[in-house]
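Only one chain is included here, represented as structure tokens and corresponding to the form predicted on its own.
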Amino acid sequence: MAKITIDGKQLEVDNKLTIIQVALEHGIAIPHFCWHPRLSVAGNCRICLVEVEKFPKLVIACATQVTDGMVVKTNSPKVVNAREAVMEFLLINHPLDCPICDEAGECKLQDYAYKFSEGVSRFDFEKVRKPKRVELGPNVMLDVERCIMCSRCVRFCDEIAKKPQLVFIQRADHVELTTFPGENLDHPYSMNTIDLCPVGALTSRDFRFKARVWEMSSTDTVCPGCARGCNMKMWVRNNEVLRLTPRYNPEVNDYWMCDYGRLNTFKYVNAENRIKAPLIRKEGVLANQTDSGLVEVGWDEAIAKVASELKSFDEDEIAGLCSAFATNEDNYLFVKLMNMLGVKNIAFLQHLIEGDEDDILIRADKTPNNRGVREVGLTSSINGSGWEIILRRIDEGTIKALYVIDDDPGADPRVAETLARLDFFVVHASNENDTTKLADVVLSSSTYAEKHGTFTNFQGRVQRIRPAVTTAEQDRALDGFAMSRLDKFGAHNDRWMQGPKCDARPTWRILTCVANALGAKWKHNTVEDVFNEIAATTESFKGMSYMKLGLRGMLLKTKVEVVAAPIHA
């Protein structure tokens, strides 16, 4: 340990740390461009210069290790003058295009220019012009003239992604960022370079020029793209999700997120094929009828239809399909409903892509809640009822009714042929798919972006999802926390200003309505009520609450077993 003083504050710190690391740990702000806590030290931006007593000149805080007795000044006149000089050099050739730059509002260079620069340049020559709108790869666009050569993107590709695809060429003020000859920036984590870029040089081709950061609300939630459960922020304007960015959680995804999670887990939320209201198959009715013969109806009629049909079958004639895409709360109530009906034929589908996994974040399991489904009650002890067994019994005619939540088993043509033999088929779905085309009743369910709930990742970490957009205005009152608590966790009131786009409800609420229509007296007014019941009745969730989960989640109390091969419940 070392005793040092920073700006008059005496600290006892680990002598293996650098000045900037110590300052960060103790809430002392030292400006920096090239330094990042997960990357090697480059020391090439020089904005983190500080004064150390008895040192002959200023030193860079990112590369200077602390020693016992060190006295550091981060805002002395010498330091302030040096920062102003560094900012002046950085801005010599930088274009003054903040009003049209996608990074405006999130740009370190813009922030530091206001805070540490004099605002006057002595440079009286023509700026060096460099290429613009360079397509580095399928997801990343480069404006070279905005680059300040911090090398964060280069080091990320080398050190984290293990794909050295970026390099600097030329010399002096003609230095340019580019890809190696014959290479594209196309590795699965390429968009992390956009987050790392402290200026507007690297931008997202998908999000480019869609919105300014101050026009959007951001909500802390979890990526449903695989079993990792990366923490992320969902950015919304006009009730439409525009982008996803990683949120720091050292226990799950650190600072990173894969490109698939960013680009393929939100666009269906605002897709044209969203199911606008509950649907019932009615023969000979044309008004408001879909191509598959389903008719839009009200919630009361749809729920009454489901309840009456389920009552008409014996318990052995009904099967249920949980979903690893649904939340812990949804699956818990679904299993509870099946148990109430005496149904023993319950299963869930695995969605594994063998080989599509790496040592960074990506998991072969492409569902966010495989672990959670099994934890909340769907285990092999339930009569050994796997999906293949259910399909065989449907073919045999012994299972006549099937209840599916938030999955698409009909995507398999072989399975679709079997499902067509059912006497009654009810599905919860947010978007039209191959399964909804076969259903007798489709109950329009909310997406993960529109509801509260929890997922349990492959590590056994239970994490919160939160609504970033709304479906129908009545769900504002129905779906859980009061608005004041929403604000506390990062969701903003302004997103509720837009009108409804479809009449969808969270699956847990639909199941509560169906159960009560069947004679139950469930009193789940909020999704938090459901989670509290899980915590009270399920040993691995004991002691948990939404408040305790916070922004980083909690580990299950049972030993976590990572599933590497397909398992049927």
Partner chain sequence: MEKLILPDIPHLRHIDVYEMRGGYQALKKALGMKPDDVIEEVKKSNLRGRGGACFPTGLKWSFMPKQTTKPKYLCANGDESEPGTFKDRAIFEFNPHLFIEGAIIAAYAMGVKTIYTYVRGEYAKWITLLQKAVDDAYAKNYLGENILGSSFSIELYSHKGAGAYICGEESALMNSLEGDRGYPRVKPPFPAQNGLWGCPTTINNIETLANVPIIINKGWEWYSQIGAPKHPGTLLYGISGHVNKPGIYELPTGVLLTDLIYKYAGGVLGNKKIKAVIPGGSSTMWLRGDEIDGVKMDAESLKAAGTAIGTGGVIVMDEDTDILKILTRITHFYHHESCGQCTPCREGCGWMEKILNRFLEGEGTMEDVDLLLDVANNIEGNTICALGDAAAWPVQSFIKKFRDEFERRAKKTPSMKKPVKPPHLVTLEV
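Please read these numbers as outputs of a predicted model, since none were measured by experiment. Positions refer to the first chain, counted from 1.
Beyond the structure shown, there is the form predicted in complex with the partner chain, which is absent from this document and is the topic of what follows.
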Select, from the options 124-132, 425-433, 339-347, 410-418, the stretch whose residues sit within 4.5 angstroms of the partner chain in the predicted complex by heavy atom distance. 124-132
Just to be sure I understand the contacts: of 66, 534, 515, 45, which is the one whose heavy atoms reach within 4.5 angstroms of the partner chain in the predicted complex? 45
Here the chain is shown alone; which of 353, 271, 96, 169 has a heavy atom within 4.5 Å of the partner chain in the predicted complex? 169
Contact check for 49, 85 and 89 against the partner chain in the predicted complex, heavy atom at 4.5 Å: yes
Give a yes/no on whether residue 312 approaches the partner chain to within 4.5 Å in the predicted complex, heavy atoms considered. no
Counting only non-hydrogen atoms and a 4.5 angstroms cut-off, does residue 307 reach the partner chain in the predicted complex? no
I'd like to know if residue 161 sits close to the partner chain in the predicted complex, meaning any non-hydrogen atom pair within 4.5 angstroms. no
Non-hydrogen atom contact residue 136 with the partner chain in the predicted complex at 4.5 angstroms: no
